[in-house]
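The form predicted on its own is given below as one chain in structure tokens.
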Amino acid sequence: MIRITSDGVIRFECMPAQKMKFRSQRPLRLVLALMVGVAGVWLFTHCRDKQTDAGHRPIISFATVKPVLEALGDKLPPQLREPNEAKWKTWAQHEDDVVRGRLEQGALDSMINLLLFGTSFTTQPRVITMHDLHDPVVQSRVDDLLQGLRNPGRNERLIFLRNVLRRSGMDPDSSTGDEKTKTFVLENLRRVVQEQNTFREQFDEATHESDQQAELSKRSRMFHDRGISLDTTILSSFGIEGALRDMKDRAMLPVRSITRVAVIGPGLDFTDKGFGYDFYPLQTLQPFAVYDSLIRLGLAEPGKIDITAFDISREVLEHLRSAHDRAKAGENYVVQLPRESWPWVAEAVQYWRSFGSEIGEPAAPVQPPPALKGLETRAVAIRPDVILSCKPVDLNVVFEQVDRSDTRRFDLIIATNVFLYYDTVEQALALQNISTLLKPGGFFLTNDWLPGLPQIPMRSMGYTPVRYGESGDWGDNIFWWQRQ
């Protein structure tokens, strides 16, 4: 978390990204699992080229969205008032381009997270507190980052940031451009500080809303115009397993009933959004975590699960495709699972210890650097057949439709920390599109509150409160929606 104290000190607090106000005793009076106060959250992608590529999918038909648009009425933007097909297609295509363009801002946020907390390019201490942007440690870290960008070697994160800076008009290899690049980095650090304090104020304002619905609505779209993050964390998957167990215990999910699953925005670790870890290779977790949970809970059978990973990040999709290609050659996919010293609840610790038990075998973990002394680590080598069960697909679930030639619908769809980056209209459109992907009776699980409308054939069935920390308000609420 970045905050400015009363005496003007800028403080960076390494805290879990999922920290939230947790009210498990108030049915339907829920507080969203927002990633509030996280310094420099990551989006590992770059802005999509303006031209349409082979993976770009058609905009959802006007007939599909018309009931939702008419129901939203005065909440619609001016361009969509009295909607028709031409207005819809023009607006939706423009908004899809805008959303994909916001990925670049997320990449610059990622750069700041790496600058402050990364250990792969510097021996300087991690920045927790600084009095101003001219803090000597910060300046040294910037210099070390620039040196790393000039000579990145095989460091995937530095290679990625070189491309980000070049797209922003910087030349990391030029000695004459060194000062320009340094100024650019520091300007983005200042921007992140200012933005995080603004988000904090907005979050506090939302908590003072007298109407609970208004409070939830404000929090649910707080990041609607910021750089989009597709980062990932094991704790989101722990929350999903808790919800699946809860639903099974309530007989809402029969044994071995799930065969087709979609994960929206699975993400990819660039620098861990809570603590900035960058000592292990890039990886994704959620598609394989869901497979692991479904087998452990008896909700699916091994070898009989098909998972589709919907994402708009080329790098996320290419990462999954690369893992898929290696799996065809019989290669395992190894994931690193660091666990910080924060006091996780016993159930979360047990989940961390058992992660991967149904999909792979323990592997030797990458050892953290001295700067992360005391960090507990483990690793899992995920079997090739599990990797091959996951198909990556480029899809903006708010505006785009999937190939209608595949008539099979999903039993289960999962999206965590995705829809808080959208406004009310876009959230409703996403829920409508998700309804077209689910089979009747199928479930959608998310930790983001969404606005339900009678025109959308999705019913809110309840939620599972999931606590991550032993004390305080660190946790999630996983909402259940069922296709009618």
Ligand SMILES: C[S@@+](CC[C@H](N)C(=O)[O-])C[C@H]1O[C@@H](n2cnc3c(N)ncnc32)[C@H](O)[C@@H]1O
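Just so it is clear, the structure is predicted and the values come from calculations on it, not from any experiment. The numbering used is simple: start at 1 and walk along the sequence shown.
Omitted from view is the form predicted together with the named molecule, to which the following refers.
Heavy atom of Gly239 within 4.5 Å of the named molecule in the predicted complex: Contact check for Gly239: no, nothing within 4.5 Å of the named molecule in the predicted complex.
Contact label in the predicted complex: Val418 to the named molecule, heavy atom within 4.5 Å: Yes, contact at 4.5 Å.
4.5 angstroms heavy atom contact with the named molecule in the predicted complex for Pro392: Looking in the predicted complex, residue contacts with the named molecule do not include Pro392, since no heavy atom lies within 4.5 Å.
Residue contact check: Pro172 to the named molecule in the predicted complex, 4.5 Å heavy atom: Pro172: no contact with the named molecule in the predicted complex.
Contact residue in the predicted complex, chosen from Leu145, Val398, Val261, Ala323 - any heavy atom within 4.5 Å of the named molecule: So the residue touching the named molecule in the predicted complex, by this definition, is Val398.
Thr232, Thr181, Thr271, Gln196 - the one with a heavy atom within 4.5 Å of the named molecule in the predicted complex: The residue in contact is Thr232.
Check all three, Asp311, Val316 and Tyr422, heavy atom within 4.5 Å of the named molecule in the predicted complex: Heavy-atom distance to the named molecule in the predicted complex: all three under 4.5 Å.
Region of this chain that lies against the named molecule in the predicted complex, out of 410-418, 156-164, 72-80, 181-189 [heavy atom, 4.5 Å]: That would be 410-418.
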